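Below sits a lone chain in structure tokens, taken as the form predicted alone.
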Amino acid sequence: MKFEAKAFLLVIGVVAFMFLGTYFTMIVPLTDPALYTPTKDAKPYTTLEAKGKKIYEREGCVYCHTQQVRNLLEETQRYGMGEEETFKRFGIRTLIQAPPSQPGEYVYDQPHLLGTRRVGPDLARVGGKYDNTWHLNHFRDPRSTSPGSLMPAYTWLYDKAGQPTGEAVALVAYIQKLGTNYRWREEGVEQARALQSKRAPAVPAQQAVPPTTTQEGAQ
């Protein structure tokens, strides 16, 4: 108890432990090159996509949607591609799991919009899942595309005739950008095809059937 009896030494010990904890949990991870190295498919935002990102922030979408697929089986399966989607897009029926989010995918994000709450689904892999028309209908009337959705209708992004404004188009462009910094769909399909080709049974060459002789009429 000598150490506890000396307040000065106790304070020094607490400060030392706090410093070590901060250093190894915050400083060391920030020096990881992966945080600053974009993935091979990562590209900066276009002008239209950057405008859509600001609208996404302005409308508070980050309060209900995350942009991070965690390394959990239920998440990689849920946000991946089902058999119908892979067949429609690539002509192969297979399940493709969505890979967990990688640091290099967010290099061009300032600020990051990872989110912390999921009232709606995660959007980290939504880019390319639906076409532009689906998204435009979804923002105008969420229940028309997703029955039971709690999402509000963003009618102010459309004119009096119900046509999308430039802001609606920009917002959709940003949504379609999400997940494209990683070609996970294409890579997953390529791997599935390679695996199927290995599993396919080899067709044996047709063996020649030797002619048969009959003894009929032989004396």
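As the structure is a computational prediction, the values presented were derived from the model and not from experiment. A residue's number is simply how far along the shown sequence it sits, counting from 1.
The same protein also exists as the form predicted in complex with heme C; that form is not shown, yet it is the one meant from here on.
4.5 Å heavy atom contact with heme C in the predicted bound form for all of His65, His138 and Ser146
Verified in the predicted bound form; spot residues all in contact, yes.
Pro103, Gly128, Pro142, Pro100 - the one with a heavy atom within 4.5 Å of heme C in the predicted bound form
Only one listed residue qualifies here, and that residue is Pro142.
Quick one: from Gly162, Pro152, Pro33, Gly166, grab the residue that has a heavy atom within 4.5 Å of heme C in the predicted bound form.
Contact residue from the list: Pro152.
87 to 95, 117 to 125, 68 to 76, 104 to 112: which one contacts heme C in the predicted bound form at 4.5 Å, heavy atom to heavy atom?
Partner-contacting stretch among the options: 117 to 125.
Please check if Pro44 has a heavy atom lying within 4.5 Å of any heavy atom of heme C in the predicted bound form.
No.
Is there a non-hydrogen atom of Glu59 within 4.5 angstroms of a non-hydrogen atom of heme C in the predicted bound form?
So Glu59 counts as contacting heme C.
Using a 4.5 Å cut-off on heavy atoms, what residues in 167 to 181 are near heme C in the predicted bound form?
Heavy-atom contacts within 4.5 Å come from Leu171, Ile175.
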